[in-house]
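Before any questions on how it binds or moves, here is one chain, the form predicted on its own, in structure tokens.
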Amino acid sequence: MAENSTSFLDRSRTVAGPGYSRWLVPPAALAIHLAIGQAYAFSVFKKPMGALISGNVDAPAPDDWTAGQLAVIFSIAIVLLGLSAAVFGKWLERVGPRKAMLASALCFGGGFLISALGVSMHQIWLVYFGYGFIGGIGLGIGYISPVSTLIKWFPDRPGVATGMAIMGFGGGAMIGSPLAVALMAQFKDVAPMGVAPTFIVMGLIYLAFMMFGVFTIRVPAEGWKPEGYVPKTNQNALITSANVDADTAIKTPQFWLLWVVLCMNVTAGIGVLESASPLIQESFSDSAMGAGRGVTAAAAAGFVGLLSLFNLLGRFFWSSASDKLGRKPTYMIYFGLGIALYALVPTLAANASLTLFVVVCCVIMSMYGGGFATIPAYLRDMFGTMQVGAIHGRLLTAWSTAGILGPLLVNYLRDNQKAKGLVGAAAYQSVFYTMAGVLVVGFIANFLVSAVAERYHVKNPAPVPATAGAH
């Protein structure tokens, strides 16, 4: 049969041949996740984009965009991440990761280019449409595109596999932030604040970087198993050898319990992310620590960078540990230890225990990252590998929900306390105690997770001969 021009993108063209090393797949996944992880660094554009007319970040003009208007960009992107992951998950399973990764690269890179036009014309709706809507679709498809492929390549170590990719999303900001700052400095004499040309260059860089993933991704042949891999027969009741399709999965109580688990973990983590920089500066100010010993804005920025590092490392550490500990016990640690640590933070801040405060916040952030990275393996245990990418996509609506509820809750609680005249650590007490309460809900949901009933399983899938192959 004659090949058509799009056949390179077809799933059949991505099936790995004999002897292909599965360790070539994680770099392809990382190429996507390191790129789209830039979303976590979008805040570096807030001040420059709020001073495009005045040219002075400390004295914006009346026509400049407000912080509130700019905050909407990231919110749209996160909502579209969840929605597009949910909507396109089954399409991804059908067409394969290569076509999905290409769609992601075009949307994410294209979102920057449309936003550059919006910035140069000073039309914020174009930025909402570009980075928020189109870029957000790229985020969602890109986030889930390598995950199910990795799980199929690493049936013996699904936690390690998903941790490797999702670690990239956590690390994307560590590349995106300094890159954006350097480019804006380079272009500041060419365009207002250097923002529009920075968007163009970043869009093209990320498009090219993501194409590496598009060209190198491979899926295992039907029935492939790692050399020497024998599925456990006396396995945990929470690890199924059956499969549940995506449409059936959302009818199970287990799916919704895991939705609550992810939503609560992310909401609480956002509580720290949203409060980290102002909390450390207000709680450990010169008045609390002594003249000249308080935490400066630069030190607070370093603290936020440290949290990002632990967010990244936690994704790999905790998801890998879950292969040994089991998924449910790992989430019990996230929630159980998290409740204690969140409740401890206000006390440490009030007592000016800076070192312990930093350590506790870093552990909290590692578990926030770990929660993202462990969930695909948890879904694979519960629902099998057949449509795990599509099921994961639908579960990510929990992230979108938390991405809106988390900041709203944190800002409401903090502003309410400050309106009462509370300052420093006292203004944040209710935030952390409330987030500890949020984790209690997650703990209960995780405790209630049990094996999926047999009636939900796909009946009699065609048997496939196992073949040895890559290692």
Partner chain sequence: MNPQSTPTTSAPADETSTLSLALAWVFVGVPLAWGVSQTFIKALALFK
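Predicted model, so just to flag it, every value in this text is computed and none were measured. Numbering follows the first chain given and starts at 1.
What comes next is about the form predicted in complex with its partner chain, which does not appear here.
Are Ala103, Lys188 and Val195 jointly within 4.5 Å of its partner chain in the model of the complex, each by at least one heavy atom? Looking in the model of the complex, the three residues Ala103, Lys188 and Val195 all stay beyond 4.5 Å of its partner chain (heavy atoms).
Selected contact from Pro26, Gly403, Pro48, Pro60, since only one has a non-hydrogen atom within 4.5 angstroms of its partner chain in the model of the complex: The residue in contact is Pro26.
Which residue, Phe335, Phe372, Phe112, Trp153, is the contact with its partner chain in the model of the complex, using a 4.5 Å heavy atom cutoff? None of the others qualify; the residue that does is Trp153.
Pick the stretch from 204 to 212, 377 to 385, 270 to 278, 342 to 350 whose residues have a heavy atom within 4.5 Å of its partner chain in the model of the complex. Stretch 204 to 212 is the one.
Can any non-hydrogen atom of Arg22 be found within 4.5 angstroms of its partner chain in the model of the complex? Yes, Arg22 is a contact residue.
I'd like to know if Gly326 sits close to its partner chain in the model of the complex, meaning any non-hydrogen atom pair within 4.5 angstroms. Outside the cut-off, so no.
Would you classify Met121 as touching its partner chain in the model of the complex, given a 4.5 Å non-hydrogen atom cut-off? Although its partner chain is absent here, Met121 would stay clear of it in the model of the complex, with no heavy atoms inside 4.5 Å.
Does Ala298 reach its partner chain in the model of the complex, with heavy atoms at most 4.5 Å apart? Output for Ala298 is yes: heavy atoms within 4.5 Å of its partner chain.
Heavy atom within 4.5 Å of its partner chain in the model of the complex: which residues of 298 to 336 meet that condition, in order? Heavy-atom contacts to its partner chain in the model of the complex: Ala298, Ala299, Ala301, Gly302, Phe303, Gly305, Leu306, Ser308, Leu309, Leu312.
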